[in-house]
Each structure stands twice: as structure tokens, then as C-alpha cells.
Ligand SMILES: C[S@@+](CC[C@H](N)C(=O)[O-])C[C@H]1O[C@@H](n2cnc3c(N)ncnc32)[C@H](O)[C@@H]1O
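Just the one chain here, laid out as C-alpha cells, in the form predicted alone.
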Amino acid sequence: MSLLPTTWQDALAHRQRHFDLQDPDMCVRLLHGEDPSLRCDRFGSVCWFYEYATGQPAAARQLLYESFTRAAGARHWHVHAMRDRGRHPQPGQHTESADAPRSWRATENQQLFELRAGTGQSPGLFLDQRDNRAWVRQHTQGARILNLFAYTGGFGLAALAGGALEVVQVDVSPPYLDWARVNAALNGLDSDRVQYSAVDARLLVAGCRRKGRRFDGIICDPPSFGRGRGSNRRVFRVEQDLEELVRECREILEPGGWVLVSCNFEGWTQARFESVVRGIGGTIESAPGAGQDCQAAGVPPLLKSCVLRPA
């Protein structure tokens, strides 16, 4: 522990005050903004490091990663080199401890998730959304829920656990939707209540408008940049397209419904993000947003989120 940088030690002490790091299955962010060259998430037995530019030799860094992993109560580590501060769409170099698993399981909010190496910058779960997923779980009893940009299905699983009558998981990637099915099965969630749709979120919302299909709650958590697949190659950019998409989501809500909107676009502050959503019409409520482990002194949270309730 004494070999670790002071900032790492302080970050770990902060997490130990708020989270049970003795829980072998816990998911928690261990380093957020304390070290500008690094971020680290713990997924159960594995520490997943997102490494930005650093001047240290690789061997020295790996010794630090090994020491930090043990201090954090984990056994293995993966290091994913990020390009262009994480904005580059392709992964960088990936290294790992000698016995690191390629797939494993961990728990968030009493739900089990399968994590995988080799699938991109993340192993399958974005921890800054943990508290927002808990909010969804608390607001979906008896509801019909649309989960756009579903990725591995985390928000949809939260809705099912909260008693949703119906959940539609939408993502352009069939492999991610297959992964979402695995996560649902791990939790014994009723497959009869779930529909999976491998289509551009904008096309699905437009189709729901034409058919008069409506929902009680919609989760809209798009990437900052994305591209459709197959015959639809239209690019999605948050700064250009989020307002229009949320406006269309508003049109397929049942009276009294809500849209949980979030993004990680670095070009917006929370105030700017809320001004975009507010311009759609209705009332804006605070969402839980990033938890204590995903915040650091003097570093604004990257995650922006709010709840829109149309008038």
C-alpha cells in the first residue's frame, strides 16, 4: 500500500468509507478524477484500469496496478489503453495480469452481471449509471418501459426487477442484445416480459409513433457518437441529435410518463444539458446521477442526467 501514489491511497480510503470492499462481488469505481492519467473500476474480483497518457515504463505501472488491485480487495486486473481521452471509437492496447479471466460475474444493486474482456473499452457495465439504474427500479412497478441504447441491458434489468410489465431493449448491436439476454437469465427474470430489438433507436421510436405504441417510462442514454448498421448508416451525435430524439420520445409517452435522459458528452455542462432537455417542454427533475465513487473534488461529473416529465 505504501508503494502506491498518495492520491491512489486517498481515493481508496474514500471508497472504503462508503462501500464494502470486502464484498467479493462488488462493483465500484476506485479511481475517478484523482489521477488524470487513469481511471479504475472494480468489477468483483477484477480491477479494470482505463489508462490515458502516462510517462511511466510499462513494467513499473504494472507493479502499481498489481499492488492497487490487492489493496482494493480484488485478485486480477485488466488495463485498457485509451486513445484521445476515450473519444476514439477503437480500442487501444490491452494488457492483463497472468491469470486474469476473460469473462466473470459481479453484482450491482443485488443484480448479477456477466463481464467480458475483449469487447471494447468497457467490460460491459458503466458504473456511473448505478444510482440511475436504482431509480429506474423504484419507478417501474406495473409499467411499460422502453430502454434505448440498451448495451448489455442494465437499465432494462433494473426495470424488470422493479416489476415492469413490459420492457423493450433496443440496441443496434445484436451481440450486445444477446449479452443482455444472458444477464436477464442470470437473474432469473421473466423472458416473456422482454422484447429485444436490434435497430437504430431513432427508427424504433419513429415506428412507435406511427403505430400508436406508447410507454410509461423511457430510458434514453445515447453514446456521444454512434453510427447505425446495415442499410441505416446515419451518424448520431449527441450535440446535434439528442433534442430531436427526446422530443420524439415525449410523443410516445403515456400521460404521467417520464423520460430518463443522460449522456457523457464532454462538451456540455449539466446546466447546458438540462437547457437542451428543458427546451423540449415539460418539467425537469433531478436524477440521482453519478454516485460518490464517480465524483472527485474539482472534477465535474462527466455523466449528465435528468428526468423529463411532459406537461
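In case it trips you up, residue 1 is the first one in the sequence shown, and so on. Being a predicted model, the structure only gives us computed values, none of them experimental.
Quick note: we don't show the form predicted together with the ligand, though the next part is all about it.
By the 4.5 Å heavy atom rule, the three marked residues Leu63, Phe68 and Ala100 all fail to count as contacting the ligand in the model of the complex. This chain lacks the partner; the member of Trp135, Tyr196, Trp179, Phe126 within 4.5 angstroms of the ligand in the model of the complex by a non-hydrogen atom is Phe126.
The closest non-hydrogen atom of His80 lies beyond 4.5 Å of the ligand in the model of the complex. In the model of the complex, the ligand sits beyond 4.5 Å of every heavy atom of His139. Within this chain, Ser173 lines the site of the ligand in the model of the complex, having a heavy atom no more than 4.5 Å away. Residue contact with the ligand in the model of the complex: Pro223 places a heavy atom within 4.5 Å of it. Stretch 201-209 is the contacting one of 157-165, 201-209, 183-191, 70-78, since its residues have non-hydrogen atoms within 4.5 Å of the ligand in the model of the complex.
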